[in-house]
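Presented below, as structure tokens, is a lone chain in the form predicted on its own.
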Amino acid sequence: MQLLKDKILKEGRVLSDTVLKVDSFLNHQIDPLLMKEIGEEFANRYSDEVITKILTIESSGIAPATMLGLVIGAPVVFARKRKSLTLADNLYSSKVHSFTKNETNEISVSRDFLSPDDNVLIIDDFLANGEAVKGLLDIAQQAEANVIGVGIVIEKGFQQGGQLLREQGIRVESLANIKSLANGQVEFFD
């Protein structure tokens, strides 16, 4: 997706060989026009599938997932990282480790929102080591839902997450796949 790649090159900041900061349009401030295009692109890439639910994780996956939901008319369910008084029981839960934040969180989704009748598309902002996606896959599996694939806004293709998912036979569609962040430069796979 050229529009996204251009935005990454223009506004993204390489903080290290493994960290790309995109908070001006994806992780803190959200560019709604770009998110609209991202939602449409995911809809096009998965137009051969019947999607009944979109599953993501709070918080940066919510914007692209919601735009996709708007395009295809499917509800968006997001896994919460923190328990609340209104989300205390009747849950699917999984543990997810964030290498960026160096912390492990238990993520949860109410059993009311995922079922064996669902065809689920998982959406997330980044794919690096695949921990968040693995947690979401675990939750979908607990619900006995059918996962039709994974949509990623930015994949760090130089890390193992995408490869491990594809080796498991999971369809992964990444809108921008980064080959390297070496020397402060973003290089994409073709």
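The structure presented is a predicted model; accordingly, all values stated were derived computationally and were not measured. Throughout, we count residues from 1 along the sequence that is shown.
Keep in mind the form predicted in complex with a further copy of the same chain is missing from the figure; the text below concerns it.
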Partner-proximal stretch of 144-152, 128-136, 53-61, 161-169 relative to a further copy of the same chain in the predicted complex, 4.5 angstroms, heavy atom: 53-61
For Ala140, is any heavy atom within 4.5 Å of a further copy of the same chain in the predicted complex, or not? no
Residue-level contact is defined here as any heavy atom of the residue lying within 4.5 Å of a further copy of the same chain in the predicted complex; does Asn44 satisfy this criterion? no
Arg13, heavy atom within 4.5 angstroms of a further copy of the same chain in the predicted complex: yes
Examine Val96 and determine whether its closest non-hydrogen atom to a further copy of the same chain in the predicted complex is within 4.5 angstroms. no
In the predicted complex, do Ser24, Asn27 and Glu103 all reach within 4.5 Å of a further copy of the same chain through at least one heavy atom apiece? yes
Contacts with a further copy of the same chain in the predicted complex - residues in 141-180 whose heavy atoms fall within 4.5 Å: none
